[in-house]
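One chain is shown next in structure tokens, namely the form predicted alone.
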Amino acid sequence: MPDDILIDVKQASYSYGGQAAVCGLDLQLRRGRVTGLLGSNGAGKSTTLRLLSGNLLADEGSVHIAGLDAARHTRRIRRHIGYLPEVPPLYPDLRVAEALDHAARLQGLRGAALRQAVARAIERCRLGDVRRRLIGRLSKGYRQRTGIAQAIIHDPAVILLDEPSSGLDPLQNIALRELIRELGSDHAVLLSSHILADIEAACDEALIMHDGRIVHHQKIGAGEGYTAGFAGPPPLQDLASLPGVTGVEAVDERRAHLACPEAAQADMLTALIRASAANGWPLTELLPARSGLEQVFVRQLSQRDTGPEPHPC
């Protein structure tokens, strides 16, 4: 497995009392990327994060964290993971620095290493102004930052965030997104949310989850351009030869992302429409790449809500 793949999940399933919460999950998280896990309430997002954090063990399939089998090395994998659940585990009667000191000790840090870890977490999460404040008196935004600081105190390779923006005001949310982007520069980050704007603003790629399954994978901001859908998909090399196209990547069996500089988009769109008519590639959708996530999300969920029942795990 390549060194940059820090989480590798194959056909993992988990059920509560016979009811499948996660079914046939395939997932890889890479260092240096922020991956968004998007889905409506009850889609299986929180259960997925608990499987990845080692708090739950898959009924079927495999979960590997930093090359370690989660079923065999439960304690060891937790050294590589920072996990912020939807309700952060904070002690309201502790001061911020005290809580981080306690979290570092739980991770086995002592002496100079502990002091350095606390200082680094306070700096990264911009908690310097409130380090001596009681957590119970902090704003919701600072409490979320303190929860993230606890999760990263031991400098884990993987950071798992479950609905971290819940209840934040717009300014707090913007600051949190910036922090998540920064963390993604040298960690593998999985951000679970049902808020489309959070995923688009903070993530490099998005996974859409529905009924315990990953039903769609889409890169975010893969380059200026468009996502095109076809009834009869053309060869990718034919799309790549269109005027102005600087790159083509398959999104799924019937859709492709066409990267194209803004200045060349008009010519590219004209050439694409003419080629689709001339070569029998009927266009079914054509969306600006960056603004298409909402439409994709709605379409994916509506198709499945009105379609046949999914196969059981």
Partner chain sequence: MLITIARAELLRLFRTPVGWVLLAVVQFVQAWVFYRLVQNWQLSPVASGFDAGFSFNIGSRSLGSSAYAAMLVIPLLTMRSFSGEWRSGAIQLLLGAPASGVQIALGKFLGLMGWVTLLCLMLSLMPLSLALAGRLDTGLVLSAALGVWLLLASFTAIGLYLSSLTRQQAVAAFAGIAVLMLSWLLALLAGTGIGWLDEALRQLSSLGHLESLLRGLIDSRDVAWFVLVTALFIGLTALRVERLREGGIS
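Residue numbers count along the first chain shown, from 1. Worth saying up front: this structure is predicted, and the values here are computed from it rather than measured.
Although it is not shown, the form predicted together with the partner chain is what the next lines describe.
Engineer: Against the partner chain in the model of the complex, would residue 57 count as a contact residue? Criterion: heavy atoms within 4.5 Å.
Structural biologist: The answer is yes: residue 57 has a heavy atom within 4.5 Å of the partner chain.
Engineer: Residue-level question: is residue 205 within 4.5 Å of the partner chain in the model of the complex, judged on heavy atoms?
Structural biologist: The answer is no: residue 205 has no heavy atom within 4.5 Å of the partner chain.
Engineer: Taking heavy atoms and a 4.5 Å cut-off, does residue 14 contact the partner chain in the model of the complex?
Structural biologist: Output for residue 14 is yes: heavy atoms within 4.5 Å of the partner chain.
Engineer: Are any of the heavy atoms in residue 115 no more than 4.5 Å from a heavy atom of the partner chain in the model of the complex?
Structural biologist: Residue 115 lies outside the contact set for the partner chain.
Engineer: For the three residues 105, 110 and 134, verify that every one has a non-hydrogen atom within 4.5 Å of the partner chain in the model of the complex; reply yes or no.
Structural biologist: Yes, all three are in contact.
Engineer: Heavy atoms within 4.5 Å of the partner chain in the model of the complex: which stretch in 244-252, 280-288, 260-268, 49-57 meets that?
Structural biologist: Heavy-atom contact with the partner occurs in 49-57.
Engineer: Could you tell me which one of 120, 219, 78, 194 places a heavy atom within 4.5 Å of the partner chain in the model of the complex?
Structural biologist: Result of the distance check: 78.
Engineer: Taking 4.5 Å between heavy atoms as the contact cutoff, choose which of 141, 85, 234, 229 touches the partner chain in the model of the complex.
Structural biologist: Contact with the partner chain in the model of the complex is made by 85 alone.
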